[in-house]
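The chain below stands alone and is given in structure tokens; this is the form predicted on its own.
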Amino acid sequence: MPSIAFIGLGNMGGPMAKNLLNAGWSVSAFDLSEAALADVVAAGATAATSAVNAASGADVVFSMLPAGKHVKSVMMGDEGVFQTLPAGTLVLDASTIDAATARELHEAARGASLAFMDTPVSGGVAAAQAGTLAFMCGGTGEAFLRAKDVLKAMGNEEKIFHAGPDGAGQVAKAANNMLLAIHMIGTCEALAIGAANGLDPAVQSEIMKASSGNNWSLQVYNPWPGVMEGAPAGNDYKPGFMVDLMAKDLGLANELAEQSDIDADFGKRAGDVYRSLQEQGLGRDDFSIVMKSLAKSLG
């Protein structure tokens, strides 16, 4: 039975680890949260006492952590996971981090004779639970072929992409989430205008889905309460992809745009929207809660 060390068991990582268990992998898991760790252990994983302990003897090491500083802390340095692994071990990081840090991790992994890929995901908690995530992978072609065997247990095989060389996965993810934020805000604005003028949001949603305004937010994540079963909007915008995480991702995307000399004006405006929501104390609510700030009937 192939073994994997899974480090980081949050809203995304926990379901992903469970899908690996369901696919027949032996999972050694670690998280600082005892509750998150216990949940995955109850599903069949073995509890580890540290990231290094989890990685000991693993065929593959997988991490899903909040930010680049956390990934570097776990993987790099004299006491990091990289220094404890046998040459050739495959290490996959699905965290959403800045491309520069991802490239730094690639370089450190090469120095330790390891195969490393940045493999950020798209699809949200629902896709993590269903095992239908999309993966955007950066690194060598050889590492990608090895990674696919792992990733297909957590994602849709048709949505596992080799984006390019070191850090390319993070570039693809940053650009994708900037677009996601922009079309979510636009979807909320359109639905709010319709509702204010007597349109049923459910009917208007169907009209837009059949028209040129169709987008992912309408298809699988409708922001108007009660229109779509299972969407966070129907549960007072909880749980889901947090405002805090979208604000972080927009920061990464806008930083990348500046470094690339791209004037991403709509990306900047989207960043302002989500920072404003954070200032209102809504950071832990789903990012579709922008709907509430537009539609007076939802306030």
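Just so it is clear, the structure is predicted and the values come from calculations on it, not from any experiment. Think of the rigid core as the biggest set of C-alphas that the two forms share within 1.5 Å after superposition. Residue positions are given as counts along the sequence shown, with the first one as 1.
Below: the form predicted in complex with ligand NAD, not depicted.
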Exercise. Would you point out which of 220-228, 88-96, 200-208, 109-117 contains residues with a non-hydrogen atom within 4.5 Å of ligand NAD in the model of the complex?
Key: 88-96
Quiz prompt | Contact residue in the model of the complex, from N53, N235, Q259, S33 (heavy atom within 4.5 Å of ligand NAD) | solution = S33
Quiz item: Given that ligand NAD is left out here, which of L151, V121, L105, M178 has a heavy atom within 4.5 Å of it in the model of the complex?
Solution: V121
Quiz item: Can I4 be called a contact residue for ligand NAD in the model of the complex at 4.5 Å between heavy atoms?
Solution: no
Quiz item: Looking at the partner-bound form in the model of the complex, is L20 within 4.5 Å of ligand NAD by any heavy atom?
Solution: no
Exercise. Using the partner position in the model of the complex, report whether A45 sits within 4.5 Å of ligand NAD, counting heavy atoms only.
Key: no
Quiz item: Is there a non-hydrogen atom of V60 within 4.5 angstroms of a non-hydrogen atom of ligand NAD in the model of the complex?
Solution: no
Self-check item: Partner contacts for 1-23, taking ligand NAD in the model of the complex and a 4.5 Å heavy atom cut-off
Solution: I7, G8, L9, G10, N11, M12, G13
Quiz item: Superposing on the rigid core, does the Cα of G57 end up 2 Å or more away between this form and the one not shown?
Solution: no
Quiz item: Has the Cα of G251 moved 2 Å or more between this form and the one not shown, judged after a core fit?
Solution: no
